[in-house]
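Okay, here we've got a single chain as C-alpha cells, the form predicted alone, with questions on binding and movement later.
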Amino acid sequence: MKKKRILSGMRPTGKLHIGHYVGALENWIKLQDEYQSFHLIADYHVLTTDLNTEDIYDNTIEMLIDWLSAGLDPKKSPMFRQSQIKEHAELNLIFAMLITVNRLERNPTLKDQVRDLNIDNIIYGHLGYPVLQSADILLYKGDAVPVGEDQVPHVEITREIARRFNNQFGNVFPEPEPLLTRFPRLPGLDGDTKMSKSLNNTILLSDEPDVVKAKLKKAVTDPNKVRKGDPGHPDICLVYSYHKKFNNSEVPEIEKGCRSGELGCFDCKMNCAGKISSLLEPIIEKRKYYEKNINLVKDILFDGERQGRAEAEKTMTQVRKNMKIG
C-alpha cells in the first residue's frame, strides 16, 4: 500500500529550542516511518516579517543540523529550501488568483501575528502567507499536514484552494487533513505563553547541562511558594508543566511534594533540568558530529533539493496541462 504524504516546514531562525522539538520536530520524527515525508525550510516565509536576509543561509544550516541531530532521516525525508525550487513561487502566483482578500483578512492566525508583532501596516506578502503555504503543501500533493491548533485555519485555506483549483481546472490536488500535535505548545521560561528566542526565554536543543540548570534556576514558579515548606500550586507552575513532558513518571510524586511543601522549588527545578539534559544528550552528541562534517550537511541539503525539485516539476507539469497553458 502506497504511503500517504505529508509536508512539514519551519522558518529558518537558527538553532532550535525544546519548544520546537515538543511542538513539531518530535512528531515529525515519528511520522517519517508512517508517511512519505517532505520537510521544507521556509526561507521565503521569513520575508513576511523580516526583510533582513543576511543570516538566512547560516540559520538554515543551523536548523538543518538540529533536524538531523534530533532524528530526521534524509533517506526517508528529503529536506530542502523553498527558495531553491522555483515552482513554489509559480504555484503561489496561480493560487493567489483563487482566493479573495476578504477571505485572507478573516484568517485568525494573521490577526494574532499582527497583534503579537505590533504590525501597523500589513504587507501584501504577509497577508498572502497562507497562499504560499498552500503552494508549499500542494506542490508535493500532501495528504496531511502536522500542525498545532493555531495553524488549522491555514490548512483549511489550503483545502479551499485545492477544491477551487480542482473544480475550475480538473483534479490535481488532494484536500489535506490537519494532523494535530498531541502535546500543547511549551511555554517560555518567563511564564509567557510562547517559547521564543526573541523573548530570550528558551532552552535550546544544543544547550549543555550546566546551561540548562542555569536557565531553569530563573524559571517562573508559583509566586506564593517562596521557600521550601510553603504549599504550592503545581497547576500554575511552569516547571511542573515541563515535568509533565520530560519527567512524566514522577509527576504524581512531584505534585504531592509541591502541594505539601515538602518539595522545594530549587530541587524541583534541578530534577527537571536533569531530565531535559538526558533527552538532549544524544542530540548534542550528533550535533557535534555534524558541526565537524558541515559538507555532509550541505550535501544532504542539495540532495533534498534535487528530490524536492523533481516532485515539484511533476506537479507543475500537470497543473499547466490542466490549465492548458503549457
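All values reported here derive from a predicted model rather than from experimental measurement. So that there is no doubt, residue numbering starts at 1 and follows the sequence shown.
Below: the form predicted together with a small molecule, not depicted.
- Annotated contact segment (heavy atom within 4.5 Å of the small molecule in the predicted bound form): 133-141, selected among 133-141, 220-228, 160-168, 120-128.
- For the chain shown alone, G19 is not a contact residue for the small molecule in the predicted bound form, no non-hydrogen atom being within 4.5 angstroms.
- Among residues of the shown chain, L40 is one whose heavy atoms approach the small molecule to within 4.5 Å in the predicted bound form.
- In the predicted bound form, the small molecule sits within 4.5 Å of a heavy atom of L7.
- Taking the partner from elsewhere, R287 is found to have every heavy atom lying beyond 4.5 Å of the small molecule in the predicted bound form.
- Annotated contacts: K15, R185 and L204 are all free of the small molecule in the predicted bound form [non-hydrogen atom within 4.5 angstroms].
- Exactly one listed residue, out of M195, C237, V212, V145, brings a non-hydrogen atom to within 4.5 Å of the small molecule in the predicted bound form: V145.
- Interface residue among T181, S241, Q151, N107 relative to the small molecule in the predicted bound form, by the heavy atom within 4.5 Å criterion: Q151.
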